[in-house]
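Read the single chain below, which is given as structure tokens and is the form predicted alone.
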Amino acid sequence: MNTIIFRTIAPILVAIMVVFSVFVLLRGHNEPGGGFIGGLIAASAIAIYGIAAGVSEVRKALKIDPLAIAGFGLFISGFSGLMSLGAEAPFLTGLWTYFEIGNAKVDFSSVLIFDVGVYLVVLGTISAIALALEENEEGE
């Protein structure tokens, strides 16, 4: 099913899916969404690009091994839990701070850091699995 139409539209579709996955990531904990669903959407985009362009092109575009991305996400998620211990609160307690940028008040939380970590874990893990399966398919 690797037609010229699919190969042409895939990069545009991938860009839209990645932007949407970041949107879903950032709206999590306020509305449905979060790191897990956002990571699945982004990993699906990588799988689509892999089908259209080939695994070697995806690996060149990523520049980092997907399992390294997953490991870094796990580190970030663990770090967000340790932040609460520094504030003498139970592990993974949400901490909030506010920044003023101009006239706008921006909320920043350890929950967002945890969600970014989950996003990277899901993105890296599912991408590694999808690329391994696509490599196996190309080899046959």
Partner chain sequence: MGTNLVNEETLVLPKAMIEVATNAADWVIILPVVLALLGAAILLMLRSTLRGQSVFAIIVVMAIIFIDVLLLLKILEFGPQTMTMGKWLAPFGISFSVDVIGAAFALAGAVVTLVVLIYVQADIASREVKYGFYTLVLLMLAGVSGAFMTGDLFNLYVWFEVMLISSFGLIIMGGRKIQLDGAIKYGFLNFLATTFFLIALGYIYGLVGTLNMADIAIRAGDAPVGPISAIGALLLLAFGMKAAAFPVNAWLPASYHTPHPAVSALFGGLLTKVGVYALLRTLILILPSAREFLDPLITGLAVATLILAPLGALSQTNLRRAIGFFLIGGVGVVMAGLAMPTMRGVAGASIYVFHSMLSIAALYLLAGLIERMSGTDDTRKMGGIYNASSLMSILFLVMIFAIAGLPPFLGFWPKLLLIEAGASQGDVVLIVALVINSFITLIAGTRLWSHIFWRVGREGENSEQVNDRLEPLSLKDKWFGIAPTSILVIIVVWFGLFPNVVFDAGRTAAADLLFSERYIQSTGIDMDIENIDIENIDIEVKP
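Positions refer to the first chain, counted from 1. Computed from a prediction, not measured in an experiment: that's the story for all the values here.
Below: the form predicted in complex with its partner chain, not depicted.
Using a 4.5 angstroms threshold between heavy atoms, F99 stays clear of its partner chain in the predicted complex.
The closest non-hydrogen atom of S84 lies within 4.5 Å of its partner chain in the predicted complex. Its partner chain is not drawn, but in the predicted complex it has no heavy atom within 4.5 Å of G54. Shown alone here, A61 lies farther than 4.5 Å from its partner chain in the predicted complex, counting heavy atoms only. Along 71 to 97, a non-hydrogen atom within 4.5 Å of its partner chain in the predicted complex is carried by G71, F72, L74, F75, G78, F79, G81, L82, S84, L85, E88, A89, P90, F91, L92, T93, W96, in order along the sequence.
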